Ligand code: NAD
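Only one chain is included here, represented as structure tokens and corresponding to the form predicted alone.
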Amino acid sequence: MPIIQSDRLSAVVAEIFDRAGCDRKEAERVAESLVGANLRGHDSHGVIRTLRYVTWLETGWIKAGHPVRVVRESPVMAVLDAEQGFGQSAAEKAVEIGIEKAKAMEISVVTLKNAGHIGRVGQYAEQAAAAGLVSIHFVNARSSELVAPFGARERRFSTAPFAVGIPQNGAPPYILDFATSIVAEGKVLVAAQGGKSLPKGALINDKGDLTEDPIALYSDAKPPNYRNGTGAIRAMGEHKGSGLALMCELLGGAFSGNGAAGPASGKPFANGMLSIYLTPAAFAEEDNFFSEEVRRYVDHVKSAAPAAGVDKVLVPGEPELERLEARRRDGLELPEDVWNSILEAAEKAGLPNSEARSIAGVN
């Protein structure tokens, strides 16, 4: 498995999207998003998606350089339509609008529909936190039924991500970011391509039996395609996770105008997102109360005695920061299947493999 430094991996992925039709700024934005996910340990939303994105560009499921259209807005809200533009570009712009409105009016609500895959949702909570704002994000994926509701063996939900960002003065924010399924679809893809195996019982097959075999989701066809399989990913947290997934579909999908995961609408895959932005100072009676109380309580939580076999108690965002430091230092180890898929994407985009290897520093 090749080990590639993150800056060189970003460079080769950016070059691929540049050659595939993106302007340089967008190509670098998408590459930074994908490699940033790998750096934080979310390989499911990382460079493993390069080939899929390039294929979607070819089919028109993603449009390079397509601006977000403002459908409706007021001082405190906006309804946005990405019109199948690149998800990373559309979502970043949506957050910028939400930040601008919340800074002016103390609160804002922004919906986004028809966006190409937006990547790791936590990066948008980080973007808002960097501006000093609390943010809450409900996300869905149209035409992407993957997850069985609690008590079912058939797919009805997308992986329906949910994220919250809490800023901290002079310290990294607390970022909660997860799919409402036991694993994201990308993690099944990672497992199918020789990466980390799945948790026990993460999937359910068409007979209703629990399994960890990616074939339940993809079948044995190559390349892996979740539309070929007859099984499903399971919702996290039994009935509680299933209920939250439903709310993400209704808010991120139906409320945003994107459309919920199913039944199949004939429309291409698209992410929808409902985001809420809050200015902490507007809600506090005392200066810095929120930040100081957050720090006090988090310290209290982390002071709890660890359970057997646990080194220390962590809070949301800390595992990602630890991986970020280690992977920036040590480089990113890519499974052969993932690296080969990047080379395939390079060929599709018109970047010779010899040049791609040279940019990445791989012999």
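On a predicted model such as this, the values are computed, not experimentally measured, just so you know. For every residue, the number given is its place in the sequence shown, counted from 1.
If you look for the form predicted together with this ligand, you will not find it shown, but the lines that follow are about it.
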Answer key: of Ala261, Ala245, Leu133, Val121, within 4.5 Å of this ligand in the predicted complex (heavy atoms) is Val121
Find the only residue in Phe290, Phe150, Phe255, Phe178 having a heavy atom within 4.5 Å of this ligand in the predicted complex.
Phe178
Would you mind picking out the stretch of 62-70, 327-335, 297-305, 38-46 that comes within 4.5 angstroms of this ligand in the predicted complex, counting non-hydrogen atoms?
38-46
Close approach of Lys187 to this ligand in the predicted complex, 4.5 Å, heavy atom
yes
Can you tell me if Ser108 lies within 4.5 angstroms of this ligand in the predicted complex, counting non-hydrogen atoms only?
no
Taking the shortest heavy atom distance, is Arg156 within 4.5 Å of this ligand in the predicted complex?
no
Does any part of Pro161 reach within 4.5 Å of this ligand in the predicted complex? Heavy atoms only, please.
yes
For this ligand, considered in the predicted complex: do all three of His117, Asn271 and Glu320 come within 4.5 Å of it, counting heavy atoms only?
yes
